[in-house]
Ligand SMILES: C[C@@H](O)C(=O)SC[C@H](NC(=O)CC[C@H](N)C(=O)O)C(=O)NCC(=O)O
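Below, in structure tokens: the form predicted on its own, a single chain.
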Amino acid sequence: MPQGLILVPIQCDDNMYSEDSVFGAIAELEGAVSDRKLQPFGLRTSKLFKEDIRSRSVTVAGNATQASSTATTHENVLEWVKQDKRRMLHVVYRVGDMDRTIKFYTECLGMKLLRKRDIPEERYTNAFLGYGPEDSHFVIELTYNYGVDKYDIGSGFGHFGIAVEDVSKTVDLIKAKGGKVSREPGPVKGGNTVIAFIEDPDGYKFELLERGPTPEPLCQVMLRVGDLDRAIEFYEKAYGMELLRKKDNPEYKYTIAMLGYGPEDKNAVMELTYNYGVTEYDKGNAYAQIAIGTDDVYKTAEAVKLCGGKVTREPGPLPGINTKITACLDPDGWKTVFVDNIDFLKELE
């Protein structure tokens, strides 16, 4: 070591990247320089050493400030999610015979065919069905891929929910039309709500729930998850949903959580189900995704990433129609597409 060079130790603690601690240490070093402990190297060396110290201090302090600013930005994004105008738009899944499914949904379930479009260059057809206009109701988007007449629903998808005023009458109608009833009308286990389960021609299950008049008859999408608390936290923070209720059923070894953007008697909700001890499910290739409206797909994608979700399509406009979207996966691998609210309304014009 050259004679006369003094090494001044700097005490570091958990706040080592704060501006106060950085500049305090710098002052200590500069004091060592000022009292001529570096004199053997000459004034020019001392001056350069001081300048280098000051430059390094600015860099470190700048990094600390940037980290603090980034944390604040992240907090702002997650807070924005809570204020975003979000609504469940539609659920997308694949069917093997479009005309057969449309006939069943309109005649047996009382839905209306809202629109239909054929995309021959992409070899698929879409049909939108529901109980009211797409700009105000949650609807179904069916997809038929040319030449594919069967899909695997898997074990992860549960059912769709439809609220009806009289479950027994609805079941009788479905039977008369040749529909399959997999659970006869009766009170739900451990409760009083009258329900029944039916299956459409492709094997998708629908739970019929007896309720009074409601503005949103298509009321549930049930998916199974491997960690319910993890899923709830993600849907609350990344998707901005509210936990409406949670119920444990130890007798039947499952727990459910209802999440959505408003009361479940007036809005479509997600029903997430955890079966004791089951952490993974086969998702098949039939069920596709839900679509949710948002005011900003870019902030939405950022929030999803911050909450541990995977963005599978970076935010931006779709080729040809310019509707801005982003697509992502939740921690269980269920897909959601977020659609710009204004662009979505333009599509419907």
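Note that the structure is a prediction, hence the values are computed from the model and not measured. All residue numbers refer to positions in the sequence shown, first residue = 1.
One more form of this protein, predicted together with the named molecule, exists but is not displayed; see below.
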Handout entry: Within 4.5 Å of the named molecule in the predicted complex, all of 195, 222 and 258 (non-hydrogen atom)
Key = yes
Problem - Proximity of residue 273 to the named molecule in the predicted complex, heavy atoms at 4.5 Å - result: yes
Practice task
Would you check, heavy atoms only and a 4.5 Å threshold, whether residue 80 touches the named molecule in the predicted complex?
Solution key: no
Practice task
Check whether residue 245 has any heavy atom within 4.5 Å of a heavy atom of the named molecule in the predicted complex, and answer yes or no.
Solution key: yes
Exercise for the section: Mark residue 159 yes when one of its heavy atoms lies within 4.5 Å of a heavy atom of the named molecule in the predicted complex, and no otherwise. Expected result: yes
Problem - Candidate stretches 195 to 203, 116 to 124, 236 to 244, 95 to 103 - the one whose heavy atoms come within 4.5 Å of the named molecule in the predicted complex - result: 195 to 203
Problem - Heavy atom within 4.5 Å of the named molecule in the predicted complex - residue from 74, 137, 183, 230 - result: 183
Problem - Contact assignment for the named molecule in the predicted complex, among 266, 189, 85, 169, heavy atom within 4.5 Å - result: 189
Fill in the blank from the handout: In sequence order, the residues of 203 to 220 that place a heavy atom within 4.5 Å of the named molecule in the predicted complex are 207, 209, 220
